[in-house]
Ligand SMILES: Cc1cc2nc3c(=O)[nH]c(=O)nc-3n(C[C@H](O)[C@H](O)[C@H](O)COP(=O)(O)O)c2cc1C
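Given as structure tokens, the chain that follows is alone and in the form predicted alone.
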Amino acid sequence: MTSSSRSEPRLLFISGSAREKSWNKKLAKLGEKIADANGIAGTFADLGDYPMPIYNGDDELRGGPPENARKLKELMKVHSGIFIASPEYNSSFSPLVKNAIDWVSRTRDDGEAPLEVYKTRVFALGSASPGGMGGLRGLSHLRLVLEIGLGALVLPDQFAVPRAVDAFEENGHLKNKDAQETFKALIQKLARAAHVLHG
């Protein structure tokens, strides 16, 4: 995590895959690196560090949201822009992402409006996949959940890394420099939008 002394906006880069060698984890880490190199405070978050049971309303009634849902929500709250790198699972997005979104949506503090953490942040989406489309099909479903289900503001631009097996350099950068510049432009746009929203 970058120093809290850095100026706003702060961006959170979430990996929607907990797999150790996940391409989406590489993408989220690259996003943080690009943000930092451009003077934007960024934080990388791995959903694997926030394990939660599959959402069950009975479990919620008995014990409330899990502590990791509260921790993840608190992390989201200190960032004004959030980039989610989500893998594609059978033309949709990963159950790990969906479960985290659902649990955080059920975590509400006293005096807090419903879904406030989603409605007061700007989101951007990306994906990396060994396939030729780079995971784009899954992002349409993730966008629907965020925009329609949760009332979030999601940038229309999104970023995909096709054929991810051969897309990354050893240092984590993309081999295709035009693609890296496109990703940089998206991160900068996310930062600007987050600044406008939280001005």
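When you see a residue number, it is the position in the sequence shown, counting from 1. None of these values were measured; they are calculated from a predicted model.
Beyond what is shown, the protein has a form predicted together with the named molecule; the following relates to that form.
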Inset, instruction - Using a 4.5 Å heavy atom cut-off, state whether Arg137 contacts the named molecule in the predicted complex. - result: yes
Inset, instruction - Give a yes or no for Arg19: in the predicted complex, does one of its heavy atoms lie within 4.5 Å of a heavy atom belonging to the named molecule? - result: yes
Legend entry - the named molecule contact in the predicted complex: Trp23, any heavy atom under 4.5 Å: yes
Inset, instruction - Answer with yes or no whether Ser80 is in contact with the named molecule in the predicted complex, where contact means some heavy atom within 4.5 Å. - result: no
Inset, instruction - Spot the stretch among 69-77, 123-131, 110-118, 96-104 with residues whose non-hydrogen atoms come within 4.5 Å of the named molecule in the predicted complex. - result: 123-131
Inset, instruction - Let me know which residues along 86-101 have a heavy atom within 4.5 Å of the named molecule in the predicted complex, or say none if there are none. - result: Pro87, Glu88, Tyr89, Asn90, Ser91
